[in-house]
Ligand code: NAD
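A single chain, nothing else alongside it, follows as structure tokens in the form predicted on its own.
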């Protein structure tokens, strides 16, 4: 089994560098515990990439990502770069990485820790036991479709265009990922579309249904996206694996994340190519950057997913999750998940506490 790995660290902007710093602590402990050599290379992306080179995804940063066994990303973006041309905005780095690394499947778990039941804005009985996996198609759909852009018409008015496009192979491969993931869970897949209005998602429904025939042990259901958005807050425990398009997945996974109490708690994995990319689903939060208030747990949990899906050490994911749960059970909270009677800590202290748990307990 391989014991030497290259990991590209892309801290990005805002709170990105702060949470990546805490993730590095976890990497060092896991490496020591398992006698692994984890070689890291830190490179700029997003706004930081633009400031360094004039482009959000510098050539050297992309090269480092392609040469790595896995990529650990912080967050990108901020108001400082909002007036740039679309092609130069920090978010274009994400699209460039996903496309270049062929990361067509985004796995976003929404799992609630028992200690955080009161942090959810929904009633305890609605969210208790919540454990959903959203499988989002990541390199197609309206975010990548052509034609796109803003043009001026003959009468002087401007028109914005984005195109929703999916091919059969794109749908087939994301569907297969969803069925494979469901096979290790409760064997239920919900495919979300808007097939009654959008022809492209009519094709989506048809292809997903066809792929399911190769996974006869997996139950498949379909649901329109507006109904799914409603059902997520009405009865989220009815779901196991949700597979959907790029844009729908972007929206629904953020909605699902808030069921757990904080968007700062949820990791994600982007897979499909040879190199997987792992990141918290929260943004760069420039309003709290540099204040030590950021929740590093989503990034730390992303490290667990990285070991599970890219480094073939599935046990590490469970180990890290248990360490996070232990810390939360002790009543320790960052500001975003703070509640009455709990002890508030900052970014660095939360990272230290999880690291201590990992040090004390073996795999």
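Just so it is clear, the model here is predicted, and its values are computed rather than measured. Numbering follows the first chain given and starts at 1.
Beyond the structure shown, there is the form predicted together with nicotinamide-adenine-dinucleotide (NAD), which is absent from this document and is the topic of what follows.
Student: Give a yes or no for residue 97: in the predicted complex, does one of its heavy atoms lie within 4.5 Å of a heavy atom belonging to nicotinamide-adenine-dinucleotide (NAD)?
Tutor: Taking the distances in the predicted complex, the answer for residue 97 is no, it never comes within 4.5 Å of nicotinamide-adenine-dinucleotide (NAD).
Student: Are any of the heavy atoms in residue 295 no more than 4.5 Å from a heavy atom of nicotinamide-adenine-dinucleotide (NAD) in the predicted complex?
Tutor: Looking in the predicted complex, residue contacts with nicotinamide-adenine-dinucleotide (NAD) include residue 295, since a heavy atom lies within 4.5 Å.
Student: Mark residue 91 yes when one of its heavy atoms lies within 4.5 Å of a heavy atom of nicotinamide-adenine-dinucleotide (NAD) in the predicted complex, and no otherwise.
Tutor: Within the cut-off, so yes.
Student: Check whether residue 286 has any heavy atom within 4.5 Å of a heavy atom of nicotinamide-adenine-dinucleotide (NAD) in the predicted complex, and answer yes or no.
Tutor: Yes, residue 286 sits close enough to nicotinamide-adenine-dinucleotide (NAD) in the predicted complex that at least one of its heavy atoms falls within 4.5 Å.
Student: Only one of 204 to 212, 72 to 80, 234 to 242, 173 to 181 gets a heavy atom within 4.5 Å of nicotinamide-adenine-dinucleotide (NAD) in the predicted complex; which is it?
Tutor: Within 4.5 Å of the partner lies stretch 72 to 80.
Student: Since exactly one of 141, 276, 109, 264 fits, which has a heavy atom within 4.5 Å of nicotinamide-adenine-dinucleotide (NAD) in the predicted complex?
Tutor: So the residue touching nicotinamide-adenine-dinucleotide (NAD) in the predicted complex, by this definition, is 264.
Student: Using a 4.5 Å cut on heavy atoms, which of 317, 51, 336, 325 is close to nicotinamide-adenine-dinucleotide (NAD) in the predicted complex?
Tutor: So the residue touching nicotinamide-adenine-dinucleotide (NAD) in the predicted complex, by this definition, is 336.
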